[in-house]
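One chain comes next, on its own, written out as structure tokens in the form predicted alone.
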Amino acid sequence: MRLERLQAVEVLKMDGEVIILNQETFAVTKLNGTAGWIWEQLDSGLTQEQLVEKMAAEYEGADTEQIRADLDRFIDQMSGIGLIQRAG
């Protein structure tokens, strides 16, 4: 299943963090470096499993199951506030 990010957002990168302004709700979300990296990858049309594999390659030595669990949590949080959605 692919992941898509909401298009109605403004994104600002500052001091290694990503700040997202949802233009529909005017909510501001601040992402740390890893979450920002994930956010940037969502433009590439990767599936959730492909994203896990890419993160494992990027963060060499990281536990794949931990990456999967952390990514699931991130997706749930971002979906909950309406910034990303799962697409067919």
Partner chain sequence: MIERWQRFGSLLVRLRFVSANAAAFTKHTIGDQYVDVAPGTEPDYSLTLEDGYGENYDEVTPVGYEKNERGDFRVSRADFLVESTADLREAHIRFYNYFGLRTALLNWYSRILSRLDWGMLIHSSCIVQDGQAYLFSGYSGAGKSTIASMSQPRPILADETTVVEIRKDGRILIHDSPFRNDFKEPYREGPVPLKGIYLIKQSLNIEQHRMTKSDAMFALFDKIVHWRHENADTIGLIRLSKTLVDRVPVYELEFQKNDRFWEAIS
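Positions refer to the first chain, counted from 1. Keep in mind that this is a model prediction, so the values were computed, not measured.
Quick note: we don't show the form predicted in complex with the partner chain, though the next part is all about it.
- Residue contact check for Ala69: none of its heavy atoms lie within 4.5 Å of the partner chain in the predicted bound form.
- The shortest heavy atom separation between Asp76 and the partner chain in the predicted bound form exceeds 4.5 Å.
- For the chain shown alone, Glu65 is not a contact residue for the partner chain in the predicted bound form, no non-hydrogen atom being within 4.5 angstroms.
- Although the partner is absent here, Leu46 lies well away from the partner chain in the predicted bound form, with no heavy atom inside 4.5 Å.
- Taking the partner chain as positioned in the predicted bound form, the residues of 4 to 18 that bring a heavy atom within 4.5 Å of it are, in sequence order, Glu10, Leu12, Lys13, Met14, Asp15, Glu17.
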